[in-house]
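Quick heads-up: it's one chain on its own, the form predicted alone, in structure tokens.
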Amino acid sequence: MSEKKWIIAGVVIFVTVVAFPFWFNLGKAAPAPELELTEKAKELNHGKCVMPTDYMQSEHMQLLDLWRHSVVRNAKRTFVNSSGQEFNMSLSNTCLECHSNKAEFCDRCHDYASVRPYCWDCHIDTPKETE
């Protein structure tokens, strides 16, 4: 029976040590960055992206992976969104046309989320002219 108090004390100490970082940082999270479109972007498509804003904020990487698969494997270069609008599947020429400031638009959210996407290994961060 004397070992029971040591086991309970050990469990309490373990739970306290493991939970301490959560208690210490409770309520200290930085707010997500607010992103603004440039005037050029608002003029191009009247502020409309290829998909709704909420979708793009949470699922843009999945959409870009789908685009990459469609272009590279199926040679399909046209994306039709839920509204029936057609877009060229191109990070450099479609996305960066409106979101041209990589440091202010892409990097702010990626830094906040601590992710390092590999998009820029192949794509330049300024749009190219379409052929």
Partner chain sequence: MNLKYMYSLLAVIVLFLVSYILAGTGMAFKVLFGIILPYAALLTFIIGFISRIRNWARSAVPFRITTTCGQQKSLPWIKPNAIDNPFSKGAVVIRMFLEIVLFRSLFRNTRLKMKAGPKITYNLEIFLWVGALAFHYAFLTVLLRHLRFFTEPVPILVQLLETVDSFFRIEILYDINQFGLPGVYISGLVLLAAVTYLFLRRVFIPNVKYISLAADFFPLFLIFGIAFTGILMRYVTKIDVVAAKELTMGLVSFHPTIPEGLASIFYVHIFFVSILLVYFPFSKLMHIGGIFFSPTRNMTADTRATRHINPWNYPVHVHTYEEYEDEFREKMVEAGLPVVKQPVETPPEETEKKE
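Just so it is clear, the structure is predicted and the values come from calculations on it, not from any experiment. Rigid core: the largest C-alpha set superposing within 1.5 Å between the two forms. Residue numbers count along the first chain shown, from 1.
The protein also exists as the form predicted in complex with its partner chain; that form is not presented, and the subsequent description refers to it.
Its partner chain is not drawn, but in the predicted complex it has a heavy atom within 4.5 Å of Val15. Looking at Ala30, you'd find a heavy atom of it within 4.5 angstroms of its partner chain in the predicted complex. In the predicted complex, Lys48 stays away from its partner chain, with no heavy atom inside 4.5 Å. In the predicted complex, its partner chain lies within 4.5 Å of some heavy atom of Gln57. Applying a 4.5 Å heavy atom cutoff to its partner chain in the predicted complex picks out Glu59, Met61, Gln62, Asp65, Leu66, Arg68, His69, Arg73, Asn74 from 59-83, in order along the sequence.
Relative to the superposed rigid core, the position of the CA of Val115 differs between this form and the one not shown by less than 2 Å.
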